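As structure tokens, one chain now follows by itself in the form predicted alone.
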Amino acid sequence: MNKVFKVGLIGCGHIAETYFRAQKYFNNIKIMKCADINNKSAEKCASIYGIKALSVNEILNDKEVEIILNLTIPKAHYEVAKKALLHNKHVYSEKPLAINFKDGKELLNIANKKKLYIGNAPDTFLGGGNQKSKELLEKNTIGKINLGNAIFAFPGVQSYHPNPESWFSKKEGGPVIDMGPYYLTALVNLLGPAKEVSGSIMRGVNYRTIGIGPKKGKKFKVECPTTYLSTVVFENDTVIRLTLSFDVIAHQRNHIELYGKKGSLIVPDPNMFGGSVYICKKLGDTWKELKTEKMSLGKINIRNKSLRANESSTNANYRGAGLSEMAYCIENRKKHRCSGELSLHVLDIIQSTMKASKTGKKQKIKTTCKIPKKFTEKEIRKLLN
């Protein structure tokens, strides 16, 4: 029987619902209390889920809370995570780790000094889709990977989010900060750490219009680049062409394709946990589909309409797996997979991509990390209800 860790939630926005749902899947986490800079949001969350609402300071000082679940907006991730660590709490944050590398590095240093765990989304790479891909690569199914393509491209969140401005703000806006963590974490899990990045940017329209909610019809200014075209070189010399864009209405490209000496492999949506993996090992052959629906973190559990280009509306969503896996590792003194080291390396790639694309100069990646170990079905089943 796993220990059930008492979790304090800070940031009671839309994503909080996903983590409350995670308690139905995983057996070692329990959100006991919540807080938000907006007290009304915390009180509403507490009322819905039958927990206690506190102020941010109160939850940080609460001796019962063992892990702080940091679901604040990106620019607040660093501040809240730092306070949690300084209050001797383990912390698990939504992505990204911070909005600049310096702050992310400081968080990791504090956690290491205090011997605390710091974990970070995305945890989607723990799902059936990416883990099945990892299994095939580790078996050398398509040989050494030479190159590949990855793409996230859709029109932006303004059509379906009532408060989309932060996605287009100067410091924490843009597709690299928003969706980069999913793609880059998935790629690092499969290929290992990166060593260099180059790129270029494109800017879309100067103003966008909110399409839903009380501010529907209101225009707001776009303050950041909305398309990044980059090339990431990994330490194993694999070259990936990565497109991240808020300026594309629709496309039919695969999310991630990897090309090896003995064949090619299609990796499913890194923003989801499931999806089929496809391989082709001979010119002219049909692609072989490898389904992940029977894997513990690949089983379909969502059926709704997706407004993002090329995103499946029927898929697996087990967000919170990373928090549960971290809790298990705290109890058993193991290295967790959604680690601060991995998140800092991804943040390094993100910041370097943005700088390389804006300056036109290649950027060396300053950090490295170990490739996370495969998340086995045996390990996963230990965490499931």
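Numbers follow the displayed sequence, beginning with 1. Keep in mind it's a predicted model, so treat the numbers as computed, not measured.
As for the form predicted together with a small molecule, it is not shown, yet the points below apply to it.
Undergrad: Determine which one of 347-355, 65-73, 329-337, 23-31 lies within 4.5 Å of the small molecule in the model of the complex, judging by heavy atom distances; exactly one does.
TA: Stretch with heavy atoms near the partner: 65-73.
Undergrad: Check, residue by residue, if Val176, Phe220 and Gly360 all come within 4.5 Å of the small molecule in the model of the complex, counting heavy atoms only.
TA: No residue of the spot touches the small molecule in the model of the complex.
Undergrad: Considering the small molecule in the model of the complex, which of Lys134, Lys95, Lys89, His255 comes within 4.5 Å of it through any heavy atom?
TA: Of Lys134, Lys95, Lys89, His255, the residue with a heavy atom within 4.5 Å of the small molecule in the model of the complex is Lys95.
Undergrad: Which of these residues, Glu165, Glu235, Glu79, Glu106, gets a heavy atom within 4.5 Å of the small molecule in the model of the complex?
TA: Of the candidates Glu165, Glu235, Glu79, Glu106, Glu79 is the one lying within 4.5 Å of the small molecule in the model of the complex.
Undergrad: Can you tell me if Val56 lies within 4.5 angstroms of the small molecule in the model of the complex, counting non-hydrogen atoms only?
TA: Flag for Val56 set to yes.
Undergrad: Is Asp36 close to the small molecule in the model of the complex, meaning a heavy atom pair under 4.5 Å apart or at it?
TA: Because a heavy atom of Asp36 falls inside 4.5 Å of the small molecule in the model of the complex, the answer is yes.
Undergrad: Lys373: heavy atom within 4.5 Å of the small molecule in the model of the complex?
TA: No.
Undergrad: Taking the small molecule as it sits in the model of the complex, is Tyr117 in contact with it (heavy atom to heavy atom, 4.5 Å or less)?
TA: No, Tyr117 is distant from the partner.
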